[in-house]
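Quick setup: one chain, the form predicted alone, written in structure tokens, and binding and motion questions come after.
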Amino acid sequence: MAAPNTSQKMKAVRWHPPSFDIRVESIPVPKIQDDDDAIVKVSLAALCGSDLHIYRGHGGVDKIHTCGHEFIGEIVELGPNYGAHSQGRPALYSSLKLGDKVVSPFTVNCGECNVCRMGYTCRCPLGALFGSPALEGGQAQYVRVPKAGGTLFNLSDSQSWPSGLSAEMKHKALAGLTDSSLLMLADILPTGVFAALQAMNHPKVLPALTGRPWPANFFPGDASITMLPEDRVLTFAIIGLGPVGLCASVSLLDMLAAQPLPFQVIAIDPVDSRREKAMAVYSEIDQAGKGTGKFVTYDIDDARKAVEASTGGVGCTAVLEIVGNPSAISLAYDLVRPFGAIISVGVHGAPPMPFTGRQLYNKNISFDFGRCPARAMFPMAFDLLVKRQDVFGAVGGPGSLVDRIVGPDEAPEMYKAFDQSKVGKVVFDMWK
């Protein structure tokens, strides 16, 4: 695979300040700047809800830059630190080669520091977010990936990451999955799995899961208080049914289906079309992926009534907040039970959190905020992607996660439509 001619130009989707200004421009092809860099020829890139923060002018950004942090493509150039001489570093420094198909998490991570080794890859001290003033994004025909040996996943080598699938199944899956499906591994699917995983494993959810009340559930021996069957009914709310909210819904249902307890998932969005999409996605999932519980969608007002009625006024076991704004996090607080948990993976902007210390004290609420460590979550997300091809594999159907695949010249129109909730997940074929 020949390296790109850096004297040539490429097509890129660019944001211009102050807001709502997307242009498709011709800019220089990126060059290797550091010995750990790789250049990826992008086949597909996606439009994500997080892109809308900058698009709307809410990110405090004033620099023109290439958009996008979800991309898949092939290696066309590698810095000098790649090859057999790099033994002892993350494995891709030794094994990555020209022509390999790769998908990138939405942040750079070195793979060699304490933060990365602990699995908190999104907070690597050397990290940067693609599609931001700090790092040019992937909605372009080529993208430079810093620290690529610690960042990328090599989809041409099925043995290069762990999986719950057998080696044969994983290899077969990679051969059969479409690039538009694999692209979901860059951000939205790991983030959805991350939200669901935190909710299902939160200490304040454990009493219902174990049947042992707080704090006896942390210790061996008999509990002094007997829990009744109704105490173990799990009620989760998901606020926000955009693409990440749909991924969180699919992941949470998959986890709940693996345990025998009764449950309900209350999925909330004020936009009719998003609620309809969520129910269409739910209808596509086979019984093994949704268990024997209930999945229902509501607008905000009806969700409040449903939680009140179904929990006897107690509230939800946990709430997954996927939006990232004060009204959504306030709704999460209102819906969650005392001693409940709120898992927030939405990107919050500048406004302060709409709570007082007294409010938090009065409900014993636990909050988990923040960015998904997408590279660490990749193996779990890949296994779910393989399992749920009924949702992730198709394009354009009522129950498909991806609504459209378009050329980059349609980016200004697609950003506007996505901002107005007139379209769901959009993928750009950068060479169309």
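Computed from a prediction, not measured in an experiment: that's the story for all the values here. Don't overthink the numbering: it's just position in the shown sequence, from 1.
The same protein also has a form predicted together with another copy of the chain, omitted here; what follows describes it.
Contact with another copy of the chain in the predicted complex, judged as any non-hydrogen atom within 4.5 angstroms, is confined among 275-283, 257-265, 171-179, 346-354 to 346-354. Residue contact with another copy of the chain in the predicted complex: A167 places no heavy atom within 4.5 Å of it. Although the partner is absent here, F339 sits close enough that one of its heavy atoms falls within 4.5 Å of another copy of the chain in the predicted complex.
Not displayed here, another copy of the chain is kept clear of Q33 by more than 4.5 Å at the level of heavy atoms in the predicted complex. Contact check for P213: a heavy atom falls within 4.5 Å of another copy of the chain in the predicted complex. Just one of T292, S156, S330, N362 comes within 4.5 Å of another copy of the chain in the predicted complex, counting any heavy atom, and that one is N362. Interface residue among V76, L126, A208, L135 relative to another copy of the chain in the predicted complex, by the heavy atom within 4.5 Å criterion: A208.
Three-residue candidate spot V42, H65 and A411; no residue lies within 4.5 angstroms of another copy of the chain in the predicted complex by any non-hydrogen atom. In the predicted complex, N114, V115, C116, R117, M118, G119, Y120, T121, C122, R123 are the residues of 112-147 with at least one heavy atom within 4.5 Å of another copy of the chain, listed from first to last.
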